[in-house]
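Before any questions on how it binds or moves, here is one chain, the form predicted alone, in structure tokens.
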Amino acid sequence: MFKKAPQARPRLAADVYDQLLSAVVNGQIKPGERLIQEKIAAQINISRTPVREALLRLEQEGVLEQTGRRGFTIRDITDQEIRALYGAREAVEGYAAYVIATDRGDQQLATIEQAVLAEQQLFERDVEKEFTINRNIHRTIVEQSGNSVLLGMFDSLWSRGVSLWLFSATRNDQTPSKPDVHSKLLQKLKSGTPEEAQKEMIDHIRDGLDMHLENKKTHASNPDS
């Protein structure tokens, strides 16, 4: 499952973190499967310390939970937690959209438009690339609101591990990405009222919540799918 890393490679913990997170997102690590740091360290051919650091980081970000002294499994995030996270996003990103549509500065809108165009120009797609560019669009909107407190809250909510994991849960063969939704959002920021821009953002976030809960329900009833 994991590729070997050379002993002298810097930032080993970050490398292990990326490999573990990708394995979770891509379904190589299954719910209930126990991750043992000694086994992972032997497979990657490194010491246990960077593996331990990577596992603890994923635990801190809400992706894994400890089972026993040295084992970890994928955490079963509840529907209530998912709704709470998306609800907080509505408050932060919805207000940021309201502010942008109120100020409507040329440089603000041009910066957001560049982020949206980057998504449309993404030809090779996978979950991690889509996540990165989607996060960049939403972060750019919050950043362009000029509110540093909002931006800090955004970064806290979009902690990479749990956010990428949740984002991947909205994807299956029937739900490909839809870049046009961000174009619609951009148009509301450009020409809609602040209330319309806020509503467009909230509706967009709620669509993601609905997809997540629906796919979660489907996987629960068909665990092998």
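Bear in mind that the values here come from a model prediction, so they are computed numbers and not experimental data. The first residue of the shown sequence is 1; numbering continues from there. Between two forms, the rigid core is the largest collection of C-alphas that superpose within 1.5 Å.
Not pictured, yet referred to below: the form predicted in complex with the DNA.
Only one of 199, 39, 184, 30 lies close to the DNA in the predicted complex, with a heavy atom inside 4.5 Å, and it is 39. Checking 26, 159, 47, 43 for any heavy atom within 4.5 Å of the DNA in the predicted complex turns up a single hit: 47. When contacts are judged by a 4.5 Å heavy atom cut-off, residue 71 counts as touching the DNA in the predicted complex. With a 4.5 Å cutoff on heavy atoms, residue 52 counts as touching the DNA in the predicted complex.
Taking non-hydrogen atoms only, residue 12 approaches the DNA to within 4.5 angstroms in the predicted complex. The closest heavy atom approach of residue 34 to the DNA in the predicted complex falls within 4.5 Å. Contacts to the DNA in the predicted complex (heavy atom within 4.5 Å) from stretch 143-157: none. Superposition of the core reveals a Cα shift of less than 2 Å for residue 187 between the shown form and the other one.
The Cα shift for residue 71 between the shown form and the other one, taken after rigid core superposition, is 2 angstroms or larger. Note on residue 17 and residue 155: their C-alpha atoms are nearer in the predicted complex, a change of at least 3 Å from this conformation. In the predicted complex, the Cα atoms of residue 59 and residue 151 sit 3 Å or more nearer to each other than they do here.
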